[in-house]
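This document starts with one chain, in the form predicted on its own, laid out as structure tokens.
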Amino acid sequence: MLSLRADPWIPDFGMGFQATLDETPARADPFVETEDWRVPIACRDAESGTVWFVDGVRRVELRLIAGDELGRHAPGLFGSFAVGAVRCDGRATFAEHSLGRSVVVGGGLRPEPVEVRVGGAVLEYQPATEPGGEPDAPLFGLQKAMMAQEAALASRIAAGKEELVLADGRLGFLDATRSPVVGVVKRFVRAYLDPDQDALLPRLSPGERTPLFGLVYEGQPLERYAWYMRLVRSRPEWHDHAGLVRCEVRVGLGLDDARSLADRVSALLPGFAGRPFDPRFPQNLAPVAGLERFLQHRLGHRGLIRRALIARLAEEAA
């Protein structure tokens, strides 16, 4: 009989579990810490100290079809993004944040910079191009621009005092920093583990983790240690990977420090688990959800910006 289980994410935000078994860009080495994947690793509560959360949001303002004098056409978009940080030391405080706006065109076609007036403000869209001509190529370009800003912000924060930095999504850089930086991935996109190791994931309780495993990209040395951990207790109606996140650290930390950091983060994160009203509950951590709302507001009024862009294009066409 076919088993049916729910994904707790609101459908408009996709799914928390979207694993694919093919075209995996990295292979996993599951035995860097231990060969025993039979039982979870329990992590003791530890002093959290000061913790930084870094994240970004992006928004497509207007989709485009670009054409040049040679008759070539490619998809494009006007997009905006914002990145920022939350500092948690017993209370949460918004810290540094920045905005970016891009006009991105695929197919290797490069647009010109665009300025558009919205009320009393002038918005500047910087040009970018993507080589691919697929419909989502411009969105990928916007995503890359946002991720580069996230990585730069996490790096700046980690260069300061020795405070833990948690960056939403994959670890964006591998350079050494004064403070440790951990990437926290809330969505399952690829299946990195074989079924024998993956069988441990449904048995994790909050604050428990899997052993560390290495992520190795073809033709490159081992770059990252990763592990899975559970944020909240599972529910009978959920699929068995709901409530899990994957964490990543750079291999340059060394195995012993990576293990200690994995224990600390796995004990700490359940206290920051998302709230049930969040559409990506429970993987979207509560400080990250608050930061996303803050950053979305900084992007400006979506309707006004879209109307201004359409008016600009109509003026050019005339």
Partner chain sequence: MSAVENVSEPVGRILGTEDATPLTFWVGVAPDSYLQLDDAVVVDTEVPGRGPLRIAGIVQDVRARHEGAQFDTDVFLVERGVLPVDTAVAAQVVATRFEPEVFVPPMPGLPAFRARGKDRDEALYFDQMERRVPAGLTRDGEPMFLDLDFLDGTRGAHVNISGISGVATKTTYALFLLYALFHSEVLGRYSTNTKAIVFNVKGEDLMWLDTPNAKLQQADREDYGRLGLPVGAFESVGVWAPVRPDAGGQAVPQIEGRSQGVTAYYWTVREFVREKFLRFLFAEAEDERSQIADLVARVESHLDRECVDDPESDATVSFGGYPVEDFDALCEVIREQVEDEHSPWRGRLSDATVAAFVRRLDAARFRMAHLVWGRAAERPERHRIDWEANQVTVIDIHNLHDRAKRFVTGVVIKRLFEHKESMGRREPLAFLVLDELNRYAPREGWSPIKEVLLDVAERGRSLGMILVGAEQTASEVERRIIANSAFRVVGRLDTAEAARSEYGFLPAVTRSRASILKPGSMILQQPHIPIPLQIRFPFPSWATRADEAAPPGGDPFRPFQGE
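None of these values were measured; they are calculated from a predicted model. Numbering follows the first chain given and starts at 1.
From this point on, the text means the form predicted in complex with the partner chain, which you will not see here.
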Contact label in the predicted bound form: L231 to the partner chain, heavy atom within 4.5 Å: no
Can you tell me if G67 lies within 4.5 angstroms of the partner chain in the predicted bound form, counting non-hydrogen atoms only? no
I'd like to check something about V86: if you look in the predicted bound form, is any of its heavy atoms closer than or equal to 4.5 Å to a heavy atom of the partner chain? yes
With a 4.5 Å heavy atom cut-off, would you call G90 a contact of the partner chain in the predicted bound form? yes
Work out which of R63, R293, R27, R44 lies within 4.5 Å of the partner chain in the predicted bound form, going by heavy atoms. R293
Within 4.5 Å of the partner chain in the predicted bound form, all of R38, Y192 and L200 (non-hydrogen atom): no
Candidate stretches 54-62, 250-258, 269-277, 30-38 - the one whose heavy atoms come within 4.5 Å of the partner chain in the predicted bound form: 269-277
